[in-house]
Each structure stands twice: as C-alpha cells, then as structure tokens.
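Starting off, we have a lone chain in the form predicted on its own, written out as structure tokens.
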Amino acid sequence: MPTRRSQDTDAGDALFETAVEQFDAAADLIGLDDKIRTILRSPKNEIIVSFPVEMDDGTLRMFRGYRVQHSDILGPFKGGLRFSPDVDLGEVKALAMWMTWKTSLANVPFGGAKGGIAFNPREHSDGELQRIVRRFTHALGSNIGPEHDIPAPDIGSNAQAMVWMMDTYLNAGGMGDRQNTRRVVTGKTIETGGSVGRDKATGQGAAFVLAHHFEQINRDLRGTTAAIQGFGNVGEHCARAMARMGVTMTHVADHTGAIMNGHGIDPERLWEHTSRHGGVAGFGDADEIDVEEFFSADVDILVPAAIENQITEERAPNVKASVVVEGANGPTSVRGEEILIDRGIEILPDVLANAGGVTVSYFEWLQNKMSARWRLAQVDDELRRYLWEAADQIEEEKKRLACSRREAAYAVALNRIGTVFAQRGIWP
C-alpha cells in the first residue's frame, strides 16, 4: 500500500524543498537568469481560507482550504483540487510549482496552481460533501475565474465536485456571465460541459508516453509486464490503455494492500472489485503480497500512480523494472532517482508522464470557450500529438545537454517560460 506522509507540516515542507531542488538543478543546467529564478522559486500567491460547514446532524465544523497560484506568465493559473487529510501548504506549493513546469512542457497556454481541503471525503455524506465544496468555492471568491485560475479534480475530488464548484461560481456572478463562465473549472461531467476523454486523460497520457519511449528505443510493448501502484482514476485508465497495447499487468498496490498474479490481472475485473470494495485487497484472482514485494516485482514497467515520495532511497535499489512511468506527482525522491539512474533504469518523469490530465483540461476549456464539442477520437489524437511533441523535445534536450530526462523536461519548460519573461519584462 502507499506509504502515507506524516500529517505534520514538515512533510509538506520537505516536498516543496524537493520541488525547489529539482528546479534549481535544471536552472543551473540551462543558466536561467537569476531574476527569473528568484521569481519562480516562490509562488505568486498563497491563499488559505477557513470556513464553517453544517453537518448532517446540525453541528458546525470548521474546514481549512488552500489555493496556491505559482505562476501565470504563460496563461491562467491551472491545477487540481486535492481532498485529503494530508493536505497542507507545503504540499500544495510543491504541486503548484510542478504544474507550472507541466503546462509549459505540454505547451498549453496555462500557468501552474494547486489547491485542496484538509479532510477525508470518505467520512462525509453526499450532502456534506456538496456543502463543503460550495462553501470552499464561496470562500475563494474572485481568486478563481475562467481567465484567472481554473481548478480541476485531483486525489479525493471528482467530476461531481467540479460541477458543484462551477454552479456555485456561476450563480454568484452577474446574470450575463453565467453560461460563458462554465470553463471556470475543468474535469466536469459531460452533461455540464465536460470533455469526452477527460476522465481517462492522465492514465491514457501515461500510456502514450510509454509507447513513445518504446518506439524510441525500438522495443515492442507487446508481451511486456507491468506493476501499477494506485488503482484510482490514473492507475485504472493507464492499466486499460496499456492492456490495449499488449502489456500484461501482474502486480497492483493501493492503500488497502498489494496483489499479484503472474498470468495477469484483468483491469476491468479489478476495477469492478475496487468499485465495490474500495480497494484491491480481497481480489479473488490474485495473491496478496507485501508492499515491499510489490516495489521489487520482476516486471518490465513500474507505474507509481498513487502519491508522492514512494520510490525512496531505500526502495530504489530493489526496483527490477527497466522503465518507471511516473503517473503520480513526485513519486520518486531525489536520492531514489539518482539510484535508479545509476542502475540504468529509465524514468519517464511526472512532468511529462501525467501531463495528459491538464492537456485534455485545456481541450475542455477550449471547447467551453468556443461552445463546441469534440469527438473522442479527436481528443485522443490531439492528446497523443501534444505529448509526443513534448517527448521529442525532451529527447533532443537530453542529448544536447547530456542530462537526465527530468532535467531535460525542466529545461524545455524553463526555456519557454524564460523566453516569455524576457519578452514581457517585469513591470513596473
């Protein structure tokens, strides 16, 4: 099962320090201007709100929410909303910074942001969840907007939460603004303005990035094996997409435990099980294993698609996979990455591998803006094109700079951001 972070603020602060360390390494590599470096090392805005919500039993409970807006030099702030008791300011700052690099790398006209509410959504009824989301939206007020800051789902939140958020925002605005501001959030249900393909976008994108890598190294994906950590939205859709490419999933882990079947685990059947039982534990067609067995599984591909800081200095020496696809944000520690690279293990970094979600969010935002609807084939084709173009640019930079793939990804993103800063300047 994923190793949970401590709920104290030190864990979130450490994650932000990791994000800054990664940024500094890439900034050094490309010789980023010191003025731009100073700006990008800190978020532009840090918003903390506390708000009361009435529970089903009539009592009031106070909640704390966060929205960190890192950079909007390339476009409106963009990033998900995480509902988890582990949410804290340091974590959200790190995730917002990573979103800035991700949107720049994907070449979509957005900046980076992230937010969340510190609570466990599984402990609340639908009525309580709706009131929590609506009160949080009201508390944020004008800090979000369709051309300013555009939230989306993340861990613990979903399309329904985005619909509540959109509806609250629309009804708080002027009469003439209601329908043309549906793009204030992305990841909505199809019926309320969402895009087809958005639900699977992050997992589908990770599979596209994997396919690109195997094409680059002239290796056939068919017949390979994979272990996936996390079987929520990202892990499930990644498993389904890889299965269509001929990959056999043999190991899966989540917050309830870890399982394996050397002959393969059917993603469809496992999803049916997790939907009923809340996790992979107890799945009848696989054996239960220890979480450390999972990370040392003898597979070709390892997909950490749960939470951050999972492939640590202690686990990295035991990884047997030849390719790590970072479906989660920050799943590999700095020292863990160094060990993997020294061992010749390829890392497809999160800033690329899980950029499918924000890329299709851009498609949704664009469709809302144009009052248009795209077909699924169009969404998938455009998603593949955006990610493969980004992957090509990374490979070129990796060769030119003789650096890691993550550093190359950051180089592409930071060069794009640096160019815009140089052209726009700092005013006044």
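The structure presented is a predicted model; accordingly, all values stated were derived computationally and were not measured. Residue numbers here begin at 1 and follow the sequence given.
Beyond what is shown, the protein has a form predicted in complex with a small molecule; the following relates to that form.
- For the options L302, V358, A96, L352, the one in contact with the small molecule in the predicted complex, meaning a heavy atom within 4.5 Å, is V358.
- Though the small molecule is absent from this view, in the predicted complex it lies within 4.5 Å of a heavy atom of just one residue from M166, A152, V325, V92, which is A152.
- Interface membership of N329, defined by any non-hydrogen atom within 4.5 Å of the small molecule in the predicted complex, is confirmed.
- For the chain shown alone, T186 is a contact residue for the small molecule in the predicted complex, at least one non-hydrogen atom being within 4.5 angstroms.
- Residue contact with the small molecule in the predicted complex: K102 places a heavy atom within 4.5 Å of it.
- None of the heavy atoms of H251 is located within 4.5 Å of the small molecule in the predicted complex.
- Comparing 214-222, 77-85, 337-345, 311-319 against the small molecule in the predicted complex, the single stretch with non-hydrogen atoms within 4.5 angstroms of it is 77-85.
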